[in-house]
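Shown next as C-alpha cells: one chain only, the form predicted alone.
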C-alpha cells in the first residue's frame, strides 16, 4: 500500500475528507455505546513534541489506546534530534520501528523532511503553517450541529496564522465561503489565498466579516513561539475580539469555535465562549474521534 501522509488538508481528496468525517461520527457513536473496536492492535504511534500540548497529546494517545494500539511520547530531550541528528536519519530509523509518526513542531519543513524519507505515515499535529487535525474536528463539529458546511459562510477573526491557513484549505476542500478579518500585516499565506480564489475574501473589519456568517472562528493572538510579541499583538488586535456584538451580526443560528486554549477578554469575550452558540467543548472532544478515523485511514486504508 502506498504510504499516505497528512501534513495539510490538501494531502487528501475532498471525498476522502468527507468520508473521514462520517467515520469519525461513527467511531464516536461506537465509543458512546461501549462497542469495543481495536483494529490497530499491535500498532505503534510515535509522537514527537517540540511544542507543548494538551488536546493533541491526549487525543492521539487515547485514540491509539481505544483502537487497540499504543503511543509513545517523545519530547525534544528524548531523541537525538536536539543533539543534532539529521531529521532524515531519525525519520528512517523511526519508520522501521513504528507504524506512524505524529509530529507537533514549529517549522513545517520538519514535517516535509520527515515525510520525504519515511516509510510510514507522517501526521501533522501542528506546525507554524498548518493545523489540519484541528480542522477535521471543526468540520466534524459543524456537521454534527448544522449538517453540511458546503455553501455556508465562515468568518475567521484574528491572526492569519496556521489555523487560518488550514481554514483556507478547508474552504477549498469542503466548498464554503471564508471571510478573513485580520489587521494589515497579519495576513495568511498569499499562495494559499491565490489558490483559493473567490472562495476566500479578506475583510479587515471583523463586524463586516461576521455579517450573516454561519460559523465564527478565532484563535489566540500570539501563538507559541510568539510570546515576545504579545504586547505588540495585543495592540494590533484590540478591535478583533469576538464579542456578543460580533455574534449578533452573524446568522441567528451561527456557531462559535475556538481551537483552545482561549484567553477570555482578549480574542473572545467570556459571554461568547461560554454562551449558547459556543461548541468549543464538542470541538475539543472531536479531536479524539476525527484523529481515530484518520489513523484508521492512514494505517488500514479506506473503511
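Residue numbers count along the first chain shown, from 1. Computed from a predicted model, the values in this text were never measured in an experiment.
Not on display, but discussed next: the form predicted together with a small molecule.
Student: Please determine, with the chain shown alone, which of 274 to 282, 258 to 266, 236 to 244, 33 to 41 has non-hydrogen atoms within 4.5 Å of the small molecule in the predicted bound form.
Tutor: This holds for exactly one stretch, 258 to 266.
Student: Though only this chain appears here, would residue 287 touch the small molecule in the predicted bound form if you measure heavy atom gaps against 4.5 Å?
Tutor: Heavy-atom contact with the small molecule at 4.5 Å: present for residue 287.
Student: In the predicted bound form, does residue 52 have a heavy atom within 4.5 Å of the small molecule?
Tutor: Looking in the predicted bound form, residue contacts with the small molecule include residue 52, since a heavy atom lies within 4.5 Å.
Student: Spell out, yes or no, whether the shortest heavy atom distance between residue 134 and the small molecule in the predicted bound form is within 4.5 Å.
Tutor: Yes - in the predicted bound form, heavy atoms of residue 134 and the small molecule come within 4.5 Å of each other.
Student: May I ask you to state whether residue 179 is within 4.5 Å of the small molecule in the predicted bound form, using heavy atom distances?
Tutor: No, residue 179 stays farther than 4.5 Å from the small molecule in the predicted bound form.
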